[in-house]
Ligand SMILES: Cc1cc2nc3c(=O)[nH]c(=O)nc-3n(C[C@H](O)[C@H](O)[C@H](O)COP(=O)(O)OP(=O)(O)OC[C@H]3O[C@@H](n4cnc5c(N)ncnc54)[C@H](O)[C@@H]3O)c2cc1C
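Only one chain comes next, encoded as structure tokens, the form predicted on its own.
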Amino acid sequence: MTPAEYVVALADHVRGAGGKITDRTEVEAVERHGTGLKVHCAGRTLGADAVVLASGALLSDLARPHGVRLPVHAGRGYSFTVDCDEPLQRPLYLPSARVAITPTAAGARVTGIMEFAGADDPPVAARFATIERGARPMLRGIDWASRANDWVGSRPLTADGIPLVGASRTKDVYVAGGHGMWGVTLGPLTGQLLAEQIVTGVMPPELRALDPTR
């Protein structure tokens, strides 16, 4: 399963379990209102019993009003896709070049770079050439001229390198973020432990060191 297929399958699972996904909707703020919470989105307001703030590299903007002082920074990574002579059977990592390669339906996705910049800043074109220059000598059967889908995305990095998971200082507002490059790997466990805390009101011992208000 490719990363894109994994994301689609995950969304289908959420819908199948009765969940609703609302995309392309920016959340501007969350506030306590009487006995419940109000989630202010562009053009509308939603009510909620509990809210989990999990907005990646943009987490600080939403979490700061709820007592989360440790900032989350955007560690930006760049990627592009290329065609291959033969299908890639498994992900590859090139340690000396610090480049990761994952299969796609038509070839491979090549990823690298750790750049600190604004999460919404435009990509720096030269970064794509840097990744190609580092990976090219180690690979065969890659059509580098087919490069497409140039993309930059932000890894959410905390100032102390430890994720932020748990309750904020606002009742029923929780935080899940700051996992850096390990979000997909640690996401299921994070969700399980945070769900336990939300339902029972008791912090699992595994989350003590991750207290977002530390």
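Remember, it's a predicted structure, so these values are computed and weren't measured experimentally. Residue numbers run from 1 along the displayed sequence.
The same protein has a further form, the form predicted in complex with the ligand, not shown here; the description that follows concerns it.
Among the residues 159, 184, 50, 46, the one placing a heavy atom within 4.5 Å of the ligand in the predicted bound form is 184. Across the options 150-158, 30-38, 165-173, 63-71, residues that bring heavy atoms within 4.5 Å of the ligand in the predicted bound form belong to 150-158.
In the predicted bound form, none of the heavy atoms of residue 104 sits within 4.5 Å of a heavy atom of the ligand. Proximity of residue 25 to the ligand in the predicted bound form falls within the 4.5 Å heavy atom cutoff. Although the partner is absent here, residue 81 lies well away from the ligand in the predicted bound form, with no heavy atom inside 4.5 Å.
With a 4.5 Å cutoff on heavy atoms, residue 123 does not count as touching the ligand in the predicted bound form; it lies far away.
Contacts between 108-147 and the ligand, taken as any heavy atom within 4.5 Å in the predicted bound form, involve only 111.
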